[in-house]
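Only one chain is shown below, in structure tokens, and it's the form predicted on its own.
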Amino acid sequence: MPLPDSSQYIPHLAFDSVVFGFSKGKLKILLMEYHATGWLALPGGFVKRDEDLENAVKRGLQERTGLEDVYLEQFHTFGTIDRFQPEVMKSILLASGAEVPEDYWMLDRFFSIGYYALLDHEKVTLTPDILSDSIAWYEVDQLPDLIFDHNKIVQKALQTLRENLDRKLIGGNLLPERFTMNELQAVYEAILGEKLRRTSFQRKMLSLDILERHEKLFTGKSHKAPYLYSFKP
């Protein structure tokens, strides 16, 4: 495998993306499994010298999910000395069939800028990168051990997501364009990790004046058909 040339990228700068999706009542994130190691990690990458930081993150996500227009939030920069583990990166490159010089730039210490992304689970087409055997969804509350400090990155992203929940239209990025109130409540419960009272949640969401009500969703199973909603532009 040909290795990326250091002249194309900004040295010592990386990004890691915590990609959230919602499916079957569960909040999930995307993880990659590196070739022949069994190691799991967040999708990330490096920033090209002629590229904006956010465009680099969008490029990495588009290559792995097929989506170009995604909701992104930068939430923290990670730079502790214990995340510097050149032997781990070298093992990943060797397992992919690369010849790795001792002074290769990807073995250097990197500061990583964390982003979280919110995607509609149903629209994603997952594609592993050249270092990975697979990329798949994992439930947030049942995450395996990840390499480097990626478990800490996930927890920081989740904390920020919860703090932003009432200030930004987060739910709308995890659901189809139109959704029921029960579906929106399920997203909030998955993010917060707790059950919410149905009447209190509905009253709160309607009081915020951020939802537009549409026709009822008739399924033929019940005379109590729920209304469909969308977020106001």
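In this text, all values refer to a predicted model and were calculated from it rather than measured experimentally. Numbers for residues come from their place in the sequence shown, where the first is 1.
There is another form of the same protein, the form predicted in complex with another copy of the chain; it is not shown, and what comes next is about it.
Q: Since exactly one of Asp166, Asp50, Glu194, Glu68 fits, which has a heavy atom within 4.5 Å of another copy of the chain in the model of the complex?
A: Exactly one residue meets the criterion: Asp50.
Q: Does Ile10 make contact with another copy of the chain in the model of the complex, using a 4.5 Å heavy atom cut-off?
A: Close contact exists here: in the model of the complex, Ile10 approaches another copy of the chain to within 4.5 Å, heavy atoms only.
Q: Going by a heavy atom distance of 4.5 Å, is Pro128 a contact of another copy of the chain in the model of the complex?
A: Output for Pro128 is no: heavy atoms all beyond 4.5 Å of another copy of the chain.
Q: Can Leu161 be called a contact residue for another copy of the chain in the model of the complex at 4.5 Å between heavy atoms?
A: Flag for Leu161 set to no.
Q: Counting only non-hydrogen atoms and a 4.5 angstroms cut-off, does His121 reach another copy of the chain in the model of the complex?
A: It does not: once another copy of the chain is placed as it appears in the model of the complex, His121 has no heavy atom within 4.5 Å of it.
Q: Within 4.5 Å of another copy of the chain in the model of the complex, counting heavy atoms only, one of 35 to 43, 202 to 210, 52 to 60, 179 to 187 shows up; tell me which.
A: So the stretch in question is 52 to 60.
Q: Of 108 to 122, which residues get within 4.5 Å of another copy of the chain in the model of the complex if you count heavy atoms?
A: Contacts from 108 to 122: Arg109, Phe111, Ile113.
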